[in-house]
Ligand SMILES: Cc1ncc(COP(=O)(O)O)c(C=O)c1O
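As a starting point, one isolated chain is supplied in structure tokens, in the form predicted on its own.
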Amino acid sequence: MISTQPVLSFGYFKFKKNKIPGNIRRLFYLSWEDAFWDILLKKKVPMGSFILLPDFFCKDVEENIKSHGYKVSHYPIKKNLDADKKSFIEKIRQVKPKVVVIFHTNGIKSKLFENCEWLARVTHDIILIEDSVHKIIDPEKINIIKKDHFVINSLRKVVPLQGSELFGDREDLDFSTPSFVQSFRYRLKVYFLWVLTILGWSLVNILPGRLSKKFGLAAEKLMLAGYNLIGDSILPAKGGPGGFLSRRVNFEKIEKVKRHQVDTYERLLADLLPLKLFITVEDKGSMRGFPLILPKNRANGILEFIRSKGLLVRFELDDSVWARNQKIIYLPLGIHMTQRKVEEVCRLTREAILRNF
């Protein structure tokens, strides 16, 4: 069986601390949502304000935003995961949001950031959140384009580490993370589930046959339970001991491995991909997984076959508005994936697609 998530491996990290540019400040939180709640709190975003999200977004996060007293509106994401600039601008004019979230879907850089001048003008008086939960973020490559522009990642999606980094201009990040005791029980529950999850996925890679699958199914359930718990606390929580390793992520090594793996997926699956995306060399190195976008009428059969063979992928953000018309699967990428494992995933995926023509 093959783990679909990063597993315990020091290969994801290095001894030397990563550099942060002098104009950038970094804060460490328990999760993306905890960083997000703290921005809303410290920047005094009024209750009842609109927060503009892409329609390819986690429904659980949307519900948590509403439970915190805010309203949600969507701008459309096209089938190929690109944002529609015209619709995006029109939505801002209609809704007049206080906060706009731009999502680098699966770690693929949003086209909205290709020309930052127009984006800075459109979002001039708005808090701009660059959602990088699926993307590996090297602090030295961060580009802050306006006042109150923040970048938030989610390390557990791309390395075996619970926590999220919040980056912003030093003048904008004029506050500190919450105290150690704030939301302590919530932090404890999240870390407990994460430890069990990461242990389960790690055992998947070393245990034989049926035992491996049992641990994989258990790890998946624990992971989803953790996902459901995260963000439920009204008050934000600071990150934990993972802060030490979060500053030592081995970007160069991870990006090199992922680029090679994406090239393998493209080479072995290109002729069968229902929808092929153009992925830049930079994006290949920072993606969470290899995206497989499927027509709705064939998606269930493909997923069921792949999971029956022990690869526990699932439809991502399946409760989003975008997913009503098509489905997406992320095939695993990362240092825990050997070339042989990537080729095995390709073989299973090819068979699944051919069986469901």
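No experiment lies behind these values; they were computed from the predicted model shown. Note that residue numbering begins at 1 and tracks the sequence as displayed.
Although not depicted, the form predicted together with the ligand is the subject of the following passage.
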Practice item. Decide if the three candidate residues Ser3, Val159 and Trp194 all line the ligand in the predicted bound form, where lining means a heavy atom within 4.5 Å. Key: no
Check your understanding: Out of 26 to 34, 43 to 51, 320 to 328, 301 to 309, where are the residues with a heavy atom within 4.5 Å of the ligand in the predicted bound form?
Key -> 26 to 34
Review point. Looking at Val262, Leu112, Ile254, Ile230, which has any heavy atom no more than 4.5 Å from the ligand in the predicted bound form?
Key: Ile230
**Study point:** The single option of Ile137, Leu119, Met287, Val133 touching the ligand in the predicted bound form, heavy atom within 4.5 Å
**Key:** Val133
Review point. For Val313, is any heavy atom within 4.5 Å of the ligand in the predicted bound form, or not?
Key: no
Review point. Does the ligand get within 4.5 angstroms of any non-hydrogen atom of Ser183 in the predicted bound form?
Key: no
Check your understanding: Contact between Ile39 and the ligand in the predicted bound form at 4.5 Å, heavy atoms?
Key -> no
Check your understanding: Thr123 near the ligand in the predicted bound form, any heavy atom under 4.5 Å?
Key -> no
Exercise for review: Scan 84 to 108 and write down, in order along the chain, each residue with a heavy atom lying within 4.5 Å of the ligand in the predicted bound form.
Suggested key: Phe103
